[in-house]
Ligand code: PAF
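Next comes just one chain, in structure tokens: the form predicted on its own.
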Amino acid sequence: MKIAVLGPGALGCLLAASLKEQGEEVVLLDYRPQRRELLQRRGITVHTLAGEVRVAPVPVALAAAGGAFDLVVVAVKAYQTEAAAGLLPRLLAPGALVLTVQNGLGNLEALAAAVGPERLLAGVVFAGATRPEEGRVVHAGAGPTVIGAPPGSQVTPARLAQVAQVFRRAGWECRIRDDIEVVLWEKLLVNVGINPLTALLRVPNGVLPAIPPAWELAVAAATEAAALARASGLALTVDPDTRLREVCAATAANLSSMLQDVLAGRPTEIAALNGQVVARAKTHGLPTPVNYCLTRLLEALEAAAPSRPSAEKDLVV
């Protein structure tokens, strides 16, 4: 199986490196020529959970150049999904599959608009990873990867099992779920609770439960999202407080993806996370005051970045 990983962020680099180390035919796709050259020359450096440092010589190509891949794993930020979706038609071999492992809601709809829903798979990654610099990734927390065929997908169980085996050969604990929508929403609960608070407070995941005012807000945001999921007809089986504590413990040293974005001065995925909760709740008449407040705070934080004093650099971990 010829595999492309679209997006050289923390998760994309970690996945591409682990696939390459196990002999898979994998290419990491980027859209920046200079970064592509850098990654091609240096390889991907991985700091493993066991404390080892390894360099994987992953081939890196420009996404715009196209290709003929059997599986494209979309690992770009949610705000880049529409641009990535526009590249997909030139990247897919006949009968190819597209797997999104992105955070938030709305990604599947954008990908389906570009290539149709029938070839899509959805994935949720519960591992933690940080990217201190381009091409260097720290595996900061273990957790399963769950994949499945979302509504409208026509991917057969046999092909789904084939994709799961690719992940397992690369050392990823990969599970298959028929109710992948439920898993996506359960991950959303984690993201809307942990990501914005850790980004605002500049703390690793494991610190959050020890800050009572922040923890109260995190659980409240996740609880609002859980109510929305139930109103949307999804039977979630997790308790927001319990689930958030589990994830914070499992990824204690990890910097959330939103915190990494804030520290690097990049846009965040707040619109696809808490912002989606606010927007979708309106159609059900549900109040989401905490998610609304967190969304506006992160939007304000991004807008204020150009005016922030240079001393802010001292906060970078």
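Because the structure is predicted, anything quoted here is derived from the model rather than measured. Start at 1 and count along the sequence shown; that's the residue number.
There is another form of the same protein, the form predicted together with ligand PAF; it is not shown, and what comes next is about it.
Remark: S257 counts among the residues lining ligand PAF in the predicted complex, judged by a heavy atom distance of 4.5 Å or less. At the 4.5 Å threshold, heavy atoms of A84 stay clear of ligand PAF in the predicted complex, well away from it. None of the heavy atoms of L197 is located within 4.5 Å of ligand PAF in the predicted complex. Though the partner is left out of this view, L184 does not reach within 4.5 Å of ligand PAF in the predicted complex, counting heavy atoms only. T251 is the sole member of T251, T288, T268, Q276 with a non-hydrogen atom within 4.5 Å of ligand PAF in the predicted complex. Taking A78, V155, L71, V247 one by one, only a single residue has any non-hydrogen atom within 4.5 Å of ligand PAF in the predicted complex, and it is V247. Stretch-level contact analysis of 226 to 234, 166 to 174, 187 to 195, 212 to 220 against ligand PAF in the predicted complex, using heavy atoms and a 4.5 Å limit, identifies 187 to 195.
In the predicted complex, just one residue of 66 to 104 lies within 4.5 Å of ligand PAF by at least one heavy atom: N103.
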